[in-house]
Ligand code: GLN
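Starting off, we have a lone chain in the form predicted on its own, written out as structure tokens.
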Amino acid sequence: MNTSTSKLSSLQPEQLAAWAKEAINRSKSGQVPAYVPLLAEADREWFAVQIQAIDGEILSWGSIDRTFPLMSAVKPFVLLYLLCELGEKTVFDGVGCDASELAFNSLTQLEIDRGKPRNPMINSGAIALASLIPGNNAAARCQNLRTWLNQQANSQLFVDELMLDSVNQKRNQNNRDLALAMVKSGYLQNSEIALETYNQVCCLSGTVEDLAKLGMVLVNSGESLWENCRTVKALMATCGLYEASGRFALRVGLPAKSGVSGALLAVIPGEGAIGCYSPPLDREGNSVGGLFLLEQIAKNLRLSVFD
């Protein structure tokens, strides 16, 4: 075994199970989001985690066959895809790379920044990037992204059509306001196709195994992807958990990205990836149970990138 990967591989199943059960207990303080009707139906005690180490070791616990929409956990991979397809200049001409001080869907933040999205990990940035995905319509764009990701990660992502219907059922005026503001500032051409693409991409769904496999693309980046993966991991570390990103970097020290479904991905450079699913969220929109579990794993195995 490669000694550099032994830290993640040394985690014992009993220890993971104990932390996962405590994570479920802690998640009682969180809220399941109500603005997407189908997300609101999630059981608060659903929990699944898969840990994939760079040496091939896999450790999992919970309802690992349960599928869920990635929601914002897909944002790092939209960024990676576009960096590979279009290059850094095109991407960052349209979106910034600074951490946001306000909520992930804040119109005020966009106005402060004169209509340029602060970073790719918040809604405005991801909507702007969705508009750059190649394809004639939203479905074709989402399909292009899905095909590329499944090839890169050997994952089985699919569009959850019922979830997409549920997302479309309650018009998200906030995202619409963000898109219209970006059209006005010149950072977006067509608000409708951008929003439609964004909604489809957020409904890409899979299991914690698929999520961990996506994370491994960032860990195992070959020469062709290396620089783009480094950019994505850096933005996950600084922006991936919205306003909580700085606190999480201090306490846990791992690049991570959350989604409003309760999806949470952490990447441990040189070690592996952790995919987690636990629906109740804290006030910033991050999985309560998932954050607790990541903190236990990172602290006990000394996995922080700052150690």
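The model shown is predicted, which means the values in this text are computed figures rather than measured ones. Quick note: we count residues from 1 along the sequence shown, nothing fancier.
One more form of this protein, predicted together with the ligand, exists but is not displayed; see below.
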Picking from Ser221, Asn175, Gln152, Gln109, the single residue whose non-hydrogen atoms come within 4.5 angstroms of the ligand in the predicted bound form is Asn175
Note: exactly one of Val252, Ala48, Val260, Ala53 sits with a heavy atom within 4.5 Å of the ligand in the predicted bound form, namely Val260
- [ ] For the three residues Met71, Phe104 and Cys202, verify that every one has a non-hydrogen atom within 4.5 Å of the ligand in the predicted bound form; reply yes or no.
- [x] yes
*asked:* Check Thr231 for me: does it contact the ligand in the predicted bound form (non-hydrogen atoms, 4.5 angstroms)?
replied: no
Next item on the list: With heavy atoms only and a cut-off of 4.5 Å, decide whether Asn123 touches the ligand in the predicted bound form.
Entry: yes
Residue-level contact is defined here as any heavy atom of the residue lying within 4.5 Å of the ligand in the predicted bound form; does Trp61 satisfy this criterion? no
- Query: Is Tyr198 one of the residues lying within 4.5 Å of the ligand in the predicted bound form, judged by heavy atom distances?
  - Reply: yes
Within 4.5 Å of the ligand in the predicted bound form, heavy atom basis, the matching stretch of 71-79, 110-118, 85-93, 136-144 is 71-79
